[in-house]
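Before any questions on binding or motion, here is one chain by itself as structure tokens, the form predicted alone.
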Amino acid sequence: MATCNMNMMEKLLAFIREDDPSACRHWFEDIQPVDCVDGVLTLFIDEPVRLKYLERCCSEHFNKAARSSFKGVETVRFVDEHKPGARLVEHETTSGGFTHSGFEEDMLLSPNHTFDNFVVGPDNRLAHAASVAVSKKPALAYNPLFIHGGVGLGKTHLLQAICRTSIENHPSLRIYYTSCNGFMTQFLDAVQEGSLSSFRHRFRSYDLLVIDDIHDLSKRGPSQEEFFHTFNSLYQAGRQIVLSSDAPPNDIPDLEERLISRFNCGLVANIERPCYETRVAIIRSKARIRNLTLPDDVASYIAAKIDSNIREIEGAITKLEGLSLINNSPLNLALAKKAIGEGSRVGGENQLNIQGIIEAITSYFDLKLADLLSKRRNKSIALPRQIGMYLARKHTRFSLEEIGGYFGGRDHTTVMHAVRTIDQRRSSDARLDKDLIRLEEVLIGNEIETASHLV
């Protein structure tokens, strides 16, 4: 088999989707078959970050798919030249320490971590804007740029997006991205091998140095000392430094004061947990990357159910996709409930209670979750929404701001108004009072699934 056509890619991708749907990415469709000679199927991709990702992370998936789909094919190789017999990408370093593709051999970036795929909301707007500015004008916008926030909120995404955009906009820049542990490991290896001079020359000659999880420097005396001098060297030379951490500089335990001072001398930007509307947008973006189309009520359900971090959202989407393939069923709300679990706990018992209130309201009033949490104000939706806020305030310990966040990102004054309105109407509206009594019986009895039968 020496000739190839796009039907081959369709067969390969169909196999991978069935074998391991979590491995699929929407940009796999950009891969083109080149030829098949001596049992080797050659595939072309012209984007260097994607090429390296395929070589590092996807070879096993594609090899398995090729062997299962085509007789005589034993292996797959990825190339960057669209012609028969194209060579494999050889990561030969130049005098500047870079491969011909523009970045170092050990620097792996996710093809999904781009600014286009990053969902901007009120909780991450500053960090995003600063990251874009740095990628456009390294060392001229914010230096250093220090991004902090909880686990799974998008720090790594922004750091890698800075690298991706900088590679595209400034191909001559020497760029390096690594984790703090990666920096420390290379430092300790250099100490053991007696090659500190080479290590220092490498790290102090980058134009853009990006270090993820810098909080791991905590309690690492020699590594802190080395990074201090690396930081100084780069900063004094006008080179860009970007750092991320789970905590702001002053809250990183056992970090030397001189490092805290330097981390604070640029822009320190926080990323907070995304609000409901941002979570819905994130879910849609993550699904789109996987070539999935989620109904509005499914995206709304996942966003209401999982509010801790983006990685848990990705896990829920992966599970939902897997169940859909296994059961040969469409992506719908019933499947989403099965994938995530009706009674799953998301960050504590109070959050389970407030989610139970939302589910009871939608079931009792026969509403779509997306409508309940939307900006629509017609009476058939606004009243149930106010009832939900009233019950959340009465039966949970959440603040007004937190309750508003669960009900579509509303502010605390909206929640206060809802609570006052329902409290005042309850004494004069017998039907409303009866509805509230029934809903409270359902919630206390934990019988949400039967709420619809009470109407």
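Rigid core (definition): largest C-alpha set, two forms, superposition within 1.5 Å. These figures come from a predicted structure and were not determined experimentally. Numbers for residues come from their place in the sequence shown, where the first is 1.
FYI, the form predicted together with a small molecule isn't displayed, but the following is about it.
Checked against the small molecule in the predicted bound form, the residues L259, L267, I252, I310 give one hit for a heavy atom within 4.5 Å, which is I310. Think of it this way: in the predicted bound form, the small molecule has a heavy atom of just one of R273, H113, K319, R174 within 4.5 Å, and the residue is H113. With the small molecule omitted here, the record of contacts in the predicted bound form names 149-157 of 324-332, 179-187, 165-173, 149-157, defined by a heavy atom within 4.5 Å. In the predicted bound form, the small molecule sits within 4.5 Å of a heavy atom belonging to N124. The shortest heavy atom separation between V119 and the small molecule in the predicted bound form is within 4.5 Å. Contact check for E314: a heavy atom falls within 4.5 Å of the small molecule in the predicted bound form. By the criterion of a heavy atom within 4.5 Å, R220 is excluded from the residues contacting the small molecule in the predicted bound form.
With the core held fixed between this form and the one not shown, R50 has its Cα displaced by under 2 Å. Note on R393 and Y301: their C-alpha atoms are more widely spaced in the predicted bound form, a change of at least 3 Å from this conformation.
In summary, the C-alpha positions of R393 and N309 converge in the predicted bound form, ending up at least 3 angstroms nearer each other than in this conformation.
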